[in-house]
Ligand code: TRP
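Presented below, as structure tokens, is a lone chain in the form predicted alone.
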Amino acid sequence: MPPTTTAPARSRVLTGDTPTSTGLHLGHYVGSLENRLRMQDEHDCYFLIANVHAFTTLADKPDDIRANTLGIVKDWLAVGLDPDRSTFVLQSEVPAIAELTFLFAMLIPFNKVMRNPTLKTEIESKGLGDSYPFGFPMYAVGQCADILAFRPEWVPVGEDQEAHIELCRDVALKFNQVYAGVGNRVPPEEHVKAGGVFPIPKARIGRVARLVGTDGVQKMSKSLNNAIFLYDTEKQVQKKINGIVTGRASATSPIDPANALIQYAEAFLPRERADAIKADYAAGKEVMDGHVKAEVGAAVNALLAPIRARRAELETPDGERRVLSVIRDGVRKANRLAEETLAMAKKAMRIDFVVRTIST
């Protein structure tokens, strides 16, 4: 019997985070979380915790990965992502993702995976050299399965993840052409109507495509010790912002428009105020960096205050129970859709010999 398909009443969205640290930072907030908050009212949203992918760099630290996984769910809830309006997906509990990863790996040349600029950047920034496990490049294929298992139309990501979405689009296009008989001249947006299993997902970049870290050099990252976390205290936030180097010789010297302090002013202050600060710097007026840092710090802390309070509630025993309940509920819903997708893919590939069900 052919699998039934779930046609969403609203367009579907999939995005997520890898638990390589205890929580998320401001770069995540302006790059993706803001989009998620808006989209959960308008779309059928699936938010994925990629805890299996965390093993690519933390394979010897399973306790850390578990704690980080719970920390990300707490951050999501604290920010305002609502499991009653969206689905929280724990990657390790959705077996269809692993199966699709293996199947998709047959469609992508290895050298194409290794040319992925995001993958190359991560290898360099994390100093992995040639010592990374085979699973590290494999996770680029796994991200395609993370996304396509839920057949989304949109994937909200930061600018640095856009290359992964392009790889995902390539996989979906090729699968539909090879196994579902979609012609190579069919436009991407017409693939499902033409009989394709997978829609060709589109990236949606956040308000700030790439927020620089407090070091002023690399993008804000959990692993580079240049991040302001959503759970940082007021003092920690202000101390990190105070540590930003502007490189000015005096209070009337110019400032690089790409400097981290300017980026944070543009991201977290009202537009009129940020424009006024930039204009004063450009005009050579006397501007005290410390005053600007205090203003930016106050704005960031005002944003984070309610998030901090809600996260603190989740650190209690009742909060921990709620987090686990949210994960369990999300896994049940996620498996229903992912198993449906896998059945559709296996039918297209002529390997649909049995019908299975997942009990959770």
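Numbers follow the displayed sequence, beginning with 1. Since the structure is predicted, the reported quantities are computational estimates derived from the model, not experimental observations.
Only in words, not in the display: the form predicted in complex with the ligand, which the text now covers.
Within 4.5 Å of the ligand in the predicted complex, do 108, 175 and 200 each have at least one heavy atom?
-> None of them does, since no heavy atom lies within 4.5 Å of the partner.
Could you check which residue among 299, 39, 50, 70 gets a heavy atom within 4.5 Å of the ligand in the predicted complex?
-> So the residue touching the ligand in the predicted complex, by this definition, is 50.
Among 88, 264, 139, 76, which has any heavy atom within 4.5 Å of the ligand in the predicted complex?
-> Comparing distances to the ligand in the predicted complex, the residue within 4.5 Å is 139.
Can you say which of 144-152, 209-217, 253-261, 191-199 gets within 4.5 Å of the ligand in the predicted complex, counting heavy atoms only?
-> Of the options given, it is 144-152.
According to a 4.5 angstroms non-hydrogen atom cut-off, is residue 338 in contact with the ligand in the predicted complex?
-> Result no; residue 338 lies far from the ligand in the predicted complex.
4.5 angstroms heavy atom contact with the ligand in the predicted complex for residue 161 | It does: once the ligand is placed as it appears in the predicted complex, residue 161 has a heavy atom within 4.5 Å of it.
Does residue 13 reach the ligand in the predicted complex if we count a contact as any heavy atom within 4.5 Å?
-> No - in the predicted complex, heavy atoms of residue 13 and the ligand never come within 4.5 Å of each other.
Going by a heavy atom distance of 4.5 Å, is residue 21 a contact of the ligand in the predicted complex?
-> Residue 21: no, not in contact with the ligand in the predicted complex.
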